[in-house]
Structure formats: structure tokens, C-alpha cells
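Next comes just one chain, in C-alpha cells: the form predicted on its own.
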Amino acid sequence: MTGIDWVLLVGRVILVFVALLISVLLYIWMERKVIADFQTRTGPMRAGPRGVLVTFADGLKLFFKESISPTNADRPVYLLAPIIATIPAFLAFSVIPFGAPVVIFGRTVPLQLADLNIGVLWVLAMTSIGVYAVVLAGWSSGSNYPLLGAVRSTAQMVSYEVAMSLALVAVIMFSGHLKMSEIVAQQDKVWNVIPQFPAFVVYLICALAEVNRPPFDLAEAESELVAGFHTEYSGIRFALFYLGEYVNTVTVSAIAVTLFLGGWRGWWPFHGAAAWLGPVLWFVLKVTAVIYVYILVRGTLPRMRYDRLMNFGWKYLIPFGLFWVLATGAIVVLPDRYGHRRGAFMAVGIIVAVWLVMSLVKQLLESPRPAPASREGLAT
């Protein structure tokens, strides 16, 4: 790599880092305003025009706030946990293409930090590292309450990671690529959300649980364990956990856009001087739409009970994800091998799919049977 290549790479790194920080500030402001509108309130109005700088003010307050360390804390691990929670959220975004390649100084520059051959696996690896931050934060605090919150949050994240991985496996099988740029290129005619809509729904649900967003934020809900695994954190250390959670939300939304919604591709292209800006705008609009859906979910759905949350993940999402992986394999392989019997395979597949979906819906709608009375109760 020449000097210009290094300058272009460093410039893209700084651009992505600053853009993620600004997007988090605007996203938190948008969330507060939308939920306030749900509740017929005005929301933040004081800091900046229409309160747009309220998140910046909160971050500035946390930066100068005193950080208190518990007496029984394992200090090196206690200080390392917030960093582990933040850095992987930024690294996961490095493989996401957020625009079409542009020509700068005679060089074709992709609007993507790294186009890895294992881009989807890199995303899964980075999102999985967040589990270690939760475990280390709860264990190193030297208190029972953060430890309990860490155990519950880890169980939830690991459980829903399995179903999310199955949804991504179905997309990989359908597109035939692991590189993010190739998956976007494969959606030039039809976005993956149409043939892979079940996987898209499973991914959106699991992403909510992965980043501890409502209605899956039981481990840090006010009615559960005070604040969960980060109870003993304050000041800038707590701000790092807060930042990591919202950067993760932006990242999982960008992954959903890249894998299912065509990435930076739009319905109509831009020409002329705005040819490079059009794909970036399409990408930003799609990510904003997915984040808006997450905000709507937070403002409308109540929290689930913890046992029902785990039951939904293991007994419904994971079996359905396994079934959809098998169905995707059949959709990809069977038409090429048995083209003359394609109609029969489609009919059998539709019948099996309807039967499975109806069986799942029936179990969800059925009310639990009352427990039989004990013999002692009957005797009395």
C-alpha cells in the first residue's frame, strides 16, 4: 500500500467512527422524541434546537462525573469490561458497505473499511464478544446483584444468538456468499427480504434480545435487578456501556439492511455529482427505518417474563430457524437437480410449512392447563 492508500484508509476509519458517534447521538434523541409522542409529551426541548443536543449534554455530564469503584472489585477486569463492550460494536461495522465505490485521486475506493471473505462470520464473532463484557462486568464488581444480572443477561444473549445465527445461515445459503459486498451485489434485482422473509423476522427479534432492547431488557429492567450487570458502574465507565449498547443497535440495524434490504441499493439511482451520495443516503434511510421499528417495539410491547423469554427462544425460534435452514437448502438445491418435479416439491414444501406454522401458532394461542389438585387438597 502506498502513502495515499494509507491516507484513504485512515480517512475512512475516522469517517466511520465519527458517523457512528453522531448517529448514536441522533438515534437517542429520536427515540426520546418518538416515545414522548406516543405518550403525548414534547420530550427534550431545552438543549439545542428541539432538544437535539440533549444526548451530548448527558454524555458530557457522565464524562465529568466521579467514577466510584467498589471495594471488593477485581480492578483490572472491572476497568476492562466497559472497553470490551464498546470496541467490538465499532469493529463489527467495519465489514458493512455503506455506499457504492467511489473514485478518489484516481483510485477506486470502496465505502467499506474491510471487505473480508468471511464478513458474516466476522460480524457473528464481534457480536459474540459482547457476552464476555457482560460476564466480566458482573463478576468483577464484587457484588451479588451484578453477578445475577450478568448470568441472566448472558443466558439470554447466548440463547438468541443461536437463532440469529440460523437466520444468517439461511441468507448465506440463499446468496451463496460470505462477503458483505457480494451479498449486496446479489440483491441487484430482488432483495433478500422477499424470499427470506421468515429469516428476516427471526433476525429482527433476535437482534433485539442480543442488544438487550425492550421487550428483552429484563436483565437490566427497573423492576428486576436495579440495573443488571452494570449496577456498580458510574461516570464514564457507565457511559461506555451505554454507548456500546446503542452502537450495537445501529450495527445490527445496518447488518439487517445489508443482508436483507439490499444494502446501499435504492429504488432509483442518482446521477451526476450526487452519484456517490445517493447510495449513502439510501443506506442511511434504511437503517433509520429499521431503528424506527425498534423504537416502535419499545413504545408498544410490554416486557416478557424471563421464563417465557427463554421458552420463546429455545422452543420456537431455534426450531423454526432449523426448519427454515432445511427449507432454504431445498429451495436452493432441488430445483437444479429435479427441475421437472419442481411443482411437486413446491406443493409438498408449502403444505409442510403451513402445518409447522399452524402448530406453532396453536401452541402460542393455547392457554396453559391448570395444574391438577393434589390429593391433600382433595381430601380437605
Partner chain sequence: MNAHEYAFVVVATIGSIAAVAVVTARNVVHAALYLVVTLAAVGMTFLLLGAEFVGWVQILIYVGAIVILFLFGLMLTKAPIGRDTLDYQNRAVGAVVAVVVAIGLGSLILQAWPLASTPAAPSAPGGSDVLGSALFNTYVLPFEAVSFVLLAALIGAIVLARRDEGT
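Positions refer to the first chain, counted from 1. In this text the structure is predicted, and so the values were computed from the model without any measurement.
Another form exists, predicted together with the partner chain; not displayed. Remarks below refer to it.
The stretch among 92 to 100, 152 to 160, 282 to 290, 237 to 245 whose residues place heavy atoms within 4.5 Å of the partner chain in the model of the complex is 152 to 160.
The candidate site formed by F320, A330 and L334 is entirely out of contact with the partner chain in the model of the complex, as no residue has a non-hydrogen atom within 4.5 angstroms of it.
The single contact residue among V193, M173, I295, L116, judged by any heavy atom lying within 4.5 Å of the partner chain in the model of the complex, is L116.
Proximity to the partner chain in the model of the complex, defined as a heavy atom within 4.5 Å, singles out one entry of L166, L309, L147, L261, which is L147. L111 falls outside the set of residues with a heavy atom inside 4.5 Å of the partner chain in the model of the complex. Although the partner is absent from this view, F200 stays clear of the partner chain in the model of the complex, with no non-hydrogen atom inside 4.5 angstroms. With a 4.5 Å cutoff on heavy atoms, V131 counts as touching the partner chain in the model of the complex.
At the 4.5 Å threshold, heavy atoms of L277 stay clear of the partner chain in the model of the complex, well away from it.
Although the partner chain is not shown here, in the model of the complex the stretch 106 to 140 places heavy atoms of L116, N117, I118, L121, W122, L124, A125, M126, S128, I129, V131, Y132, V135, L136, W139 within 4.5 Å of it, in sequence order.
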